[in-house]
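The chain below stands alone, shown as structure tokens; this is the form predicted alone.
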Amino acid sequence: MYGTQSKRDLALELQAQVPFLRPSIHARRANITVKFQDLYGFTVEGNVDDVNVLNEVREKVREQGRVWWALEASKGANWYLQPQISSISEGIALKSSLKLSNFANAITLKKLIRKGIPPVLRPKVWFSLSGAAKKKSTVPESYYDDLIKAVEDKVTPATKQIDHDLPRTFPGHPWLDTPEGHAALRRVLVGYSFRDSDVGYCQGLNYVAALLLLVMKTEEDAFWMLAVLLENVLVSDCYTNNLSGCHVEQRVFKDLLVKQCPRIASHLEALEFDVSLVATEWFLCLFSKSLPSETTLRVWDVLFYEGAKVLFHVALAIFKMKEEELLLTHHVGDVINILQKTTHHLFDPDELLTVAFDKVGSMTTNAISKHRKKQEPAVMAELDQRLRRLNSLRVDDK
């Protein structure tokens, strides 16, 4: 976890207070770049306008926190951990055994989560609503410790790649980029690589696991959050050797871009711009390398409750927010620059999520599943053809 126990407590206290950022008077007098740390210890670069946006966002976080505490007082402690319908966002009929009050709570909770979970409640809410707590309860209490001890000295291609990636995971972070941080991240990633040998380790998971470590209260909880993410929340095979699931998601995203943003899709096709140039990293790293950390975690708030369809909503929103600028581009490089600049400066999560859920057309999980089934045969055929070519080249080299 983030530093020692005392440091963790201090971090949680800091999150609860959500301090204002105050750039120096020199920075306020000139439109220059300033550097500051966000709530999770990342160094952020921006101008004074960005700082002002962050201060407004943090005031909203404080207000949202008061809403959660008020509901705790009126509905009872941990009211949001009561049984929910399997997917309130899909409009599934109310189960006969579910009380109307719980249904009302589910609707309230969905709205609350889209507005953001207070940082101090985030570990508990994520762990329960994602299914991680239930997954952990199905194994012996010592499962994680036993797993880590069992694989401690083992060397595999996955462990070698993990060791290579550790120093490249959020370099400069005050805890992640330390021996203690590297050791914790390594244990989580190596442990999971042995839990699921089909996945093993895939680049991108290091960023996801690192951010989970910063949010969750314990290293073990971060491990179970990673497990539920890969085994239940995301589409299968996203992180296997051939990345077949990720390839399917990219094709589905292209389909959705044509449907939801036809002008952009048509223009990008004319430029011969493949959206996977930017979207592959978005989906593999779950935006953790692209968006500011506090915005990423707001996306994850919804992801852990509503499922993988959220990634499509957010990815489409990023394109939609910059539609007019993108339509003026003449080169692939210009498109990439606009999208990278946009994501790196999306300090206001509400701006992004409002577009994602209010201005991007409705997409149900069932509809996305149909898109996936449509694209899977083409992806598998393409991967099989690629494998045949590689095998042919190997034969020719002998």
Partner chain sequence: MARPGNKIIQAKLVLLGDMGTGKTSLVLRFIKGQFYDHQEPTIGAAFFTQILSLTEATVKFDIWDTAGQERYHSLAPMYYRGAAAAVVVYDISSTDTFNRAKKWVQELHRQGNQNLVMALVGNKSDLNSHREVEAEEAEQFAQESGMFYMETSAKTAQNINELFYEIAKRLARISPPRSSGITLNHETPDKRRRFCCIG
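Because the structure is predicted, anything quoted here is derived from the model rather than measured. Numbering follows the first chain given and starts at 1.
The following text describes the form predicted together with its partner chain, which does not appear among the structures shown.
J.: Report whether all of Gly204, Gly333 and Arg389 sit within 4.5 Å of its partner chain in the predicted complex, measuring from non-hydrogen atoms.
T.: All three within 4.5 Å in the predicted complex.
J.: Could you confirm whether Arg263 comes within 4.5 Å of its partner chain in the predicted complex, counting heavy atoms only?
T.: So Arg263 does not count as contacting its partner chain.
J.: Is there a heavy atom of Ser137 lying 4.5 Å or less from a heavy atom of its partner chain in the predicted complex?
T.: No, Ser137 sits far enough from its partner chain in the predicted complex that none of its heavy atoms falls within 4.5 Å.
J.: May I ask you to check whether Asp274 falls inside a 4.5 Å heavy atom distance of its partner chain in the predicted complex?
T.: It does: once its partner chain is placed as it appears in the predicted complex, Asp274 has a heavy atom within 4.5 Å of it.
J.: May I ask you to state whether Ser142 is within 4.5 Å of its partner chain in the predicted complex, using heavy atom distances?
T.: Residue-level check for Ser142: no, no contact with its partner chain.
J.: Of these, 213-221, 193-201, 110-118, 147-155, which stretch puts a heavy atom within 4.5 angstroms of its partner chain in the predicted complex?
T.: In short, 193-201.
J.: Please identify the residue among Leu326, Val125, Ala227, Cys285 with any heavy atom within 4.5 Å of its partner chain in the predicted complex.
T.: Contact check passes for Cys285.
J.: Since exactly one of Trp175, Tyr80, Tyr239, Phe312 fits, which has a heavy atom within 4.5 Å of its partner chain in the predicted complex?
T.: Going through each option in turn, the one that passes is Tyr239.
J.: Pick out the residues of 139-172 whose heavy atoms come within 4.5 Å of its partner chain in the predicted complex.
T.: Residues within 4.5 Å: Gln161, His164, Asp165, Pro167, Arg168, Phe170, Pro171.
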